[in-house]
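Shown next as structure tokens: one chain only, the form predicted alone.
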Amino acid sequence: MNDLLSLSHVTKIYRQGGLLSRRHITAVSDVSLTLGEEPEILSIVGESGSGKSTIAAMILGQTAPTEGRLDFRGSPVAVHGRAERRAFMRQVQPVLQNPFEAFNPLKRVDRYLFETARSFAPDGKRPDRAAVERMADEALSHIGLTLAEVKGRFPHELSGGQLQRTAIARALIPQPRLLVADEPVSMVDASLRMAIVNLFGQLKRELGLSIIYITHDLATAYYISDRIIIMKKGEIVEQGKARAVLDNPQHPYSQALKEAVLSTTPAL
């Protein structure tokens, strides 16, 4: 049986300056990881510039690796044509960091849901309005909202938490197998962050979704994850089961992250 996702010795190098420039930045260096078919939440933890968002972009087919190979269910992640791209996005969906950037402020949020439903109808046929609304309402039900709550509303009329939940619902409409969530709670009020983090665990259990959760926050990663990968300067410095990584970190950077978590956690 193939893995759901496999990255094998992946490196990404960016050229700085013009076409003739010899300056290069290695964003990701020799990274290998896998997700099996069993639903799992894998957190990729690191500071800004660690390469974690570059990995997300490569998994989503938004940029190609300079070296190495990415496979999704045994096939290379190389989605160039429109039909190929759509087939891939049925199975792999992003959840972006800032929900206010994911929605045009001049466009009602339900239109995004309806357009996604029309594009990813299960039978490939263009659904009627009633079917589109059912698909949107079903996706919203998984994240604790209803179509009636968001219908006709503009992004600024929803809270940051509601808008991020709506963005997650939109990602659920194609019934994907994998969500790639890049810092999905960093722009949400602190009081709402754990609700969204808990939502990812719920989606894993109820829908059988695997989730790649990208964050700088080791505490939420520990709380939600089955496994954790810790990155620094484009390299994986530690990986393993979530409890093992936080309870007994081996790399100095992992130890520093743990100390930062402990120093900011209030006493009970």
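Residue indices: 1-based, along the sequence shown. Note that the coordinates shown come from a computational prediction; the quantities given were computed from them, not determined experimentally.
A second form of this protein, the form predicted together with adenosine-5'-diphosphate, is not displayed here; the remarks below concern that form.
Although the partner is absent here, P65 is not a contact residue: none of its heavy atoms lies within 4.5 angstroms of adenosine-5'-diphosphate in the predicted complex.
In the predicted complex, G49 approaches adenosine-5'-diphosphate with a heavy atom inside 4.5 Å. Using a 4.5 angstroms threshold between heavy atoms, S53 counts as touching adenosine-5'-diphosphate in the predicted complex. With a 4.5 Å cutoff on heavy atoms, A260 does not count as touching adenosine-5'-diphosphate in the predicted complex; it lies far away.
Segments offered: 220 to 228, 239 to 247, 196 to 204, 22 to 30. Contacting adenosine-5'-diphosphate in the predicted complex at heavy atom distances within 4.5 Å is 22 to 30.
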